[in-house]
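This document opens with one chain alone, in structure tokens, the form predicted on its own.
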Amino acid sequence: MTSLLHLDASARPGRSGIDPHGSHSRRLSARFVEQWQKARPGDRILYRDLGQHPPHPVSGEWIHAAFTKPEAREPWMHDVLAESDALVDELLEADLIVAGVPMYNFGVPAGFKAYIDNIVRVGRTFGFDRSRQGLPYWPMLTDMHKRLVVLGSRGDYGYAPGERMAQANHVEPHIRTVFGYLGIEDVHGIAVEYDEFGGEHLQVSLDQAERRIGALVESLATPQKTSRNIVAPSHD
């Protein structure tokens, strides 16, 4: 049985195509999970809405607690880290992470950035030892064979590698860097573009994204295949 962690980061609560002014990234992530459930009805699905219920941002107390050895932590430190610990536990349990992440001002939404800051945890998701030969940092999730699917949306178009706005895309490259740092390198991405244009261009992009989701579900739901690609082919 696969454990799937479904994340949404859009500030918009609804889904496009169903709700007025709904989110395209929520639409894509829901479509992926619904098709996954049809293909693998016995799998466990855990959902977390980072857009409507964002994690608390990292504070000075959080940093103090996180970088104190567990055996030396005071009770208040455990309280400060409780939310982060829950998020890390979910990530560790997940075999597949499906994240709906729209582009906001060329980067990830604040709720998703807070999520990242809470799951990048010394001693839990990455290791650090200043006396270690070579690099003092190392990923702790490398051997867990986790896979990540990033489903996004953008207002403009041309954010894929080599296209007109590729240098302004700080969504997928950022996510890939962070999760790769933790040891998750099997990453796939699909995105909708032309949200601010609307009309036929947006509809074509939605249709293409949904077809690609169907193919990706079919590929990943069968016996595991290894891939290291992320496509940044739109503002949610």
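Computed from a predicted model, the values in this text were never measured in an experiment. So that there is no doubt, residue numbering starts at 1 and follows the sequence shown.
Keep in mind that the form predicted in complex with a small molecule is missing from the display, and what follows is about it.
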In the model of the complex, which of 65 to 73, 52 to 60, 39 to 47, 194 to 202 comes within 4.5 Å of the small molecule (heavy atoms)?
-> 194 to 202
Is Ala99 close enough to the small molecule in the model of the complex to count, meaning some heavy atom within 4.5 Å?
-> no
Contact between Arg212 and the small molecule in the model of the complex at 4.5 Å, heavy atoms?
-> no
Would you please decide whether Asn105 lies within 4.5 angstroms of the small molecule in the model of the complex, comparing each non-hydrogen atom pair?
-> yes
Answer with yes or no whether Asp95 is in contact with the small molecule in the model of the complex, where contact means some heavy atom within 4.5 Å.
-> no
